[in-house]
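Only one chain is included here, represented as structure tokens and corresponding to the form predicted alone.
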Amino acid sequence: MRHFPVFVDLRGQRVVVSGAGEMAAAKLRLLMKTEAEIAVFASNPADIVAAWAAEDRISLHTRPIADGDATGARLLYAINQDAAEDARAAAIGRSAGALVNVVDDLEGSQFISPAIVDRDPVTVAIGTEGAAPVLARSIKAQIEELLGTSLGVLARIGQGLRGAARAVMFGDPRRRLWETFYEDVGPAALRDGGEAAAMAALDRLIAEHRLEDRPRGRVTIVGAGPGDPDLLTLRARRALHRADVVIHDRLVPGEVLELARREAVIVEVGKEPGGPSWSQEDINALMVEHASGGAQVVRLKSGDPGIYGRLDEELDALDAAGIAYEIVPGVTAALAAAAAIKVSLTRRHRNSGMRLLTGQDIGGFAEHDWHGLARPGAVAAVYMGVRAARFLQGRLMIHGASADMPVTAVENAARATQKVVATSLGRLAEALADNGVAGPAILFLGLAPRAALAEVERLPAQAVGAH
């Protein structure tokens, strides 16, 4: 992020605009919505700019900007549509200590103005670092459709009664008050009876919520999926929006954590193979501690909580402490990895079942039914198998597996850094090392990517890549 988004308080502040053509007029329409004192400098102002000056909405000086004209200005816009004149105006602004924007000149600007959705006092700003203004306008149109015109009225009513709402207990009760008002009761009252009815409805809600007892804490154990925020379930997103505390695994990426409320406490309880780790007992104690204090806790686990996530141990701890909980399933890595290589995990006449295995357990490398896994047609998805690759290779081949058995590794499934390595059992460890696969990765025993399977099985050419 090159440009950090901020909202500048322009009440009573001086804003200078150099230029008064059509482009300047478009900018002035936005600036006049603020409480700034706007000064415009231009030799030949557009008629509309002159009309605004006649209405005392701006002060207009029918000459080019000069040294001293930007003194005391908070912002200066150079919109002369002339590169040399814009550069001269920008230099005057900088020397006076104003922040300068040169329209259509990203490198010459100290700040940029975003596309704006105005539902005063609610303002949504959309920026693309100056790279795609057309895209910003498209996003603006979509948000305009989502945010009804009544939103600003409801926000002003809420702003006026925010002091009274402090009588409602902080945390979940107060959050439910505002959610109920803005999403349900407020819009209905405003639609049926106008502002007075909406204000009365909020008064009633405050009175009702004041009587609420401190909420009991709760833990929601959420599957974060393989890391792509688009693969989160709607229920998972709602849980993150409500959470007071988010306790997450090391593999949960920042893009998913961004969906949590800004006020939420975020705690990483990383477990790095061969490195420093939180003990499971400490994680259990942390959940119990926060929930016992009344917090809404989300325990955010990579993939699905029930697949190698030590879910039972956490549920046992919550049951012992009398803490209520809910489990929100997620897309486990094996499913995302199979989708990445475009194969089905089961197929008639190939395998009627498949196995989810771990390469390592608490005691080291994990033992399995190697005879069954070595049979032709057997399919398995191995979690935590990269460090155990040589062990898997040896055990399977000792029990009769062919060195030609297809094996596919999918690292960081469904993420931008996803990597697919198709190899054979006989070359598994070498292929992982040669391609720098370090994990997290799923190893598919008995499966190759669809294109390779199509070639081996002589599928019709038109079937390759079909969905």
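Computed from a predicted model, the values in this text were never measured in an experiment. Start at 1 with the first residue shown and count on from there.
From this point on, the text means the form predicted together with a small molecule, which you will not see here.
Student: In terms of non-hydrogen atoms within 4.5 angstroms, which of the given stretches 27 to 35, 54 to 62, 427 to 435, 408 to 416 touches the small molecule in the predicted bound form?
Tutor: Partner-contacting stretch among the options: 408 to 416.
Student: Just one of Leu190, Ile307, Ala338, Ala378 has a heavy atom within 4.5 angstroms of the small molecule in the predicted bound form, so which one?
Tutor: Contact residue from the list: Ile307.
Student: Tell me, which of Ile79, Ala333, Ala239, Met287 has a heavy atom within 4.5 angstroms of the small molecule in the predicted bound form?
Tutor: For this set of options, the contacting one is Ala333.
Student: Would Tyr383 count as touching the small molecule in the predicted bound form under a 4.5 Å heavy atom rule?
Tutor: Flag for Tyr383 set to yes.
Student: Taking the shortest heavy atom distance, is Ser109 within 4.5 Å of the small molecule in the predicted bound form?
Tutor: Contact with the small molecule, no.
Student: Counting only non-hydrogen atoms and a 4.5 angstroms cut-off, does Pro440 reach the small molecule in the predicted bound form?
Tutor: Flag for Pro440 set to yes.
Student: Since only the chain is shown here, I'm wondering whether Pro226 would be in contact with the small molecule in the predicted bound form (any heavy atom pair within 4.5 Å).
Tutor: Pro226 belongs to the contact set for the small molecule.
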